[in-house]
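Let's start with one chain on its own, the form predicted alone, as C-alpha cells.
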Amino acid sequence: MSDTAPAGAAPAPRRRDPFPANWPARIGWIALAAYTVYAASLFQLTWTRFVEGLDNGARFIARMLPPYLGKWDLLWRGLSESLEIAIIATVIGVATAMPIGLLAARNLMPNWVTWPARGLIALCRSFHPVIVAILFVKAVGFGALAGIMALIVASIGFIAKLFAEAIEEISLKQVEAVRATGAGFANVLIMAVQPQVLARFIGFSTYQLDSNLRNSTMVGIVGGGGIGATLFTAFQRFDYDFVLTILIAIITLIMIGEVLSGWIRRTFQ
C-alpha cells in the first residue's frame, strides 16, 4: 500500500499544538531572573551574611527574654494612645473619604468632577504613612496630632478609592428607576446607591480601622505618638526585655482588633 495521498484529495489537517510556547512570557521571566541576580549582587546578599545574621538574631532574642512586666503604666498609656489615634483617624478619614469617593465615581459624576477627585486620591496614596507622619511632625511637632493627621491621609487614599470603585460597579437600573420617579440627586443616592454599596463600605471601614491600628505603631516611631514612641524609646535605652513586652502587647491589640472587625462585618453584612 502506498502512503501517499491520492491525487486530488484534500491535504491532511496540520496538527495544532494544544500548549504553544509563549516566548514573550519566557523571555520576560528570564530577564526578571537575570535582573534579580544582578540586584542581589549589588546589595551584597551573600550566604555568609545570612548565617551571621541568624547568629546575631539569636543573641538579640536571648537578650529579650524573659519579657519585663514592671512598666504597666507606661505600656498602657502607649496602647491607649495608639487606640485613640486609630479610632479618631478612622472616623475622620472615612467621613472625609465618602464624599471624595462619590465625586470620583465616573458613572455618577462628569469628568470635570471625577478627575480632580481622583487626583486627590492618588496624591493621598502616593506616600507611605510613615513618610506623611514625618512631614506632619515637622509641621505640627511631636505628638498624637501628627500621627492622627498622617493616618487620616492614608484612610482617605484607601477608602475613597475603594468606595469609588464600588459605586462604579453598581447596577444603574435601580438608579434609573429611582430617577424616573422624579427623585432628586440626594434621594437617588439614598434609595438606589446606598443599598448596593453599604455592606462593602462597612467592610472597607472595618479593614481601615484594623490597618490604622497597625500603622499607629509605625507613625509613633517617627514622633507620631502612641505605642510606637514607647517602643522607640525602649530600643534607644537597650531595654530589650521591655521591647518584647511591647511587641506582645501590640500583637494582642491587633488580634483583638481583627476579632472585632470580623464581628462587625458579620453583623452588618
Partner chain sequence: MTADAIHSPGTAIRREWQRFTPRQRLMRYAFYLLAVAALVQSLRSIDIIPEFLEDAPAQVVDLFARMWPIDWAYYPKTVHAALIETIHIATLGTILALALATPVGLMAAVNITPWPALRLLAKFILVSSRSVNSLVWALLFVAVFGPGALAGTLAIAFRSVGFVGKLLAEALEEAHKGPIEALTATGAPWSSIVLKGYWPQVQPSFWSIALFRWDINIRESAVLGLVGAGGIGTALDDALNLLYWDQVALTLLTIFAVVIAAEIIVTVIRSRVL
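For the two forms, the rigid core is made up of the largest set of C-alpha atoms that agree within 1.5 Å on superposition. Everything numeric in this text was worked out from a predicted model, so none of it was measured. Residue numbers count along the first chain shown, from 1.
Unshown form predicted together with the partner chain; subsequent notes refer to it.
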Only one of 180 to 188, 83 to 91, 103 to 111, 68 to 76 gets a heavy atom within 4.5 Å of the partner chain in the predicted complex; which is it?
83 to 91
Taking 4.5 angstroms as the cut-off for heavy atoms, does Leu42 touch the partner chain in the predicted complex?
yes
Given that the partner is absent here, does Ile170 sit within 4.5 Å of the partner chain in the predicted complex, heavy atoms only?
no
Can you tell me if Ala192 lies within 4.5 angstroms of the partner chain in the predicted complex, counting non-hydrogen atoms only?
no
Using the partner position in the predicted complex, report whether Ala166 sits within 4.5 Å of the partner chain, counting heavy atoms only.
no
Restricting to 27 to 54, the residues within 4.5 Å of the partner chain in the predicted complex through any heavy atom are Trp29, Leu32, Tyr35, Thr36, Tyr38, Ala39, Ala40, Leu42, Phe43, Leu45, Arg49, Phe50, Gly53
Spell out whether the Cα of Ala25 moves at least 2 Å between this form and the one not shown when the two forms are superposed on their rigid core.
yes
